[in-house]
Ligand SMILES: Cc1cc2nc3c(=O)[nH]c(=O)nc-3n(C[C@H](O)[C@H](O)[C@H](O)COP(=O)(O)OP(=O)(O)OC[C@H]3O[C@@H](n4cnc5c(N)ncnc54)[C@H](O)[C@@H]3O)c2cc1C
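The data below hold one chain only, encoded as structure tokens and taken in the form predicted on its own.
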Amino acid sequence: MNARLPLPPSLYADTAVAPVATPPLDVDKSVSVAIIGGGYTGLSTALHLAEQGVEALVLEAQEPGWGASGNNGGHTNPGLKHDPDQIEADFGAELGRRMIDFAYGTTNFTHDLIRRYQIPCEARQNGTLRTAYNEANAAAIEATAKQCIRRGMPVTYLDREQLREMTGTDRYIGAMLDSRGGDLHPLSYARGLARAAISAGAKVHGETPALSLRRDGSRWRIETPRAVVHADKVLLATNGFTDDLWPALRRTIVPVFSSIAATAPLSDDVARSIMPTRPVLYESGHITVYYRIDQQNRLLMGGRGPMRWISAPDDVAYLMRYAERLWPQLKGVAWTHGWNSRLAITKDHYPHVHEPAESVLISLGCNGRGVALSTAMGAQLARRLIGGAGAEIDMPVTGIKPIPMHAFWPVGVTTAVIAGRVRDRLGL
């Protein structure tokens, strides 16, 4: 039997809506689609399958939202890591265009779904700022903005003075504002997605890890601690917690911890002096720092932290120091929470969709854009699971390619984080 782990000690765990019941699976089941992983990808896919009358069952090792889905920065950011022109160069004009339209539409898709199911998760759509504090990054962001504007997107390029008014700091010299971005309470959203999926007819079982997966005649057999699932089709959606359930899959991603520190609620005056219009923001640097002010006036600062679990804001003291550098008025403010979880980074920084065997689909590697991207991917994956290989989706379906020298990733990531912080501090 697996031991149930408590939620990471986060602000979200202390403030989320109550979870829906997702009891462990304790009787054998036969279903159309079994989904392994109860984060946003798995839950959204289950919801979109159930909406179309397809019997879907989610197996989650802990509880829905236990991983990065319930512990991320809470940003709903449009787009992919790469610029639109680069996407079209990498995948061709036709698929590239579809990928761009899909990826930049994920935030509207997500916020529309939240409204449709009335999910209580503090969702707002006040825009995403991608900022630069040196000339090279500012030029790159301006180029991105021009590519988006050329495609008719609601994007604006902002100068230093405009950014000072929007952020309360003179740190930034240029930024792209995409009005489609926003934020939400990640764990409340995960629990709301689970509730929506269940209400639509899906089954969701927590504390039910998939221990093995193999062919059994024309179907797939999944062993869990208490029961066996037989399924016509299987989706693996384990992202940063991918293990060896499917051969070589774990070696296609680098699991990276992303950390967040949160203040106590700030006074209205201080909160307004930082982010008066409440967009979310992420910096373009060697090591990304991202932040937002939530609906209770807390500042949530995120970035790369230790490559281990943390449980207190002192574990990411550099984020608190950086916040005080941006806004000296924060000196003396209490920081109440510090936590993290594992994301999945791919070598090419694109999301990966695989079909390694008949009736098996895999989706992972959100590269830090998981909230909106994973939600919208659920509809795409449901389409593929229903229609098979003939059902086109708006992302490439590729083969599994393990990352060379994967065993050395912990050393590489730690070294890159330290070096990146130094280069950012020096403005290089």
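The first residue of the sequence shown is number 1, and the count goes up from there. Small disclaimer: the values here were computed from a predicted structure and weren't measured.
Just so it is clear, the following notes concern the form predicted together with the named molecule, a form of the same protein that is not shown.
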Query - Non-hydrogen atom within 4.5 Å of the named molecule in the predicted complex for each of T41, N72 and L245 - result: yes
**Report entry** Options 398 to 406, 54 to 62, 24 to 32, 384 to 392; stretch whose heavy atom lies within 4.5 Å of the named molecule in the predicted complex
**Finding:** 54 to 62
Query raised in the report: Even though the named molecule is not shown here, does K203 get within 4.5 Å of it in the predicted complex, heavy atoms only?
Result: no
Query raised in the report: Going by a heavy atom distance of 4.5 Å, is Y172 a contact of the named molecule in the predicted complex?
Result: no
Query raised in the report: With the cut-off set at 4.5 Å between non-hydrogen atoms, does M377 touch the named molecule in the predicted complex?
Result: no
Query raised in the report: Does the named molecule get within 4.5 angstroms of any non-hydrogen atom of A46 in the predicted complex?
Result: no
**Report entry** Contacting member of L319, A237, L113, L129, with respect to the named molecule in the predicted complex [4.5 Å, heavy atom]
**Finding:** A237
Query raised in the report: Which residue among T263, T167, T208, T252 has a heavy atom within 4.5 angstroms of the named molecule in the predicted complex?
Result: T208
Report task. Using the arrangement in the predicted complex, list in sequence order the residues of 189 to 206 with any heavy atom within 4.5 angstroms of the named molecule. Result -> none
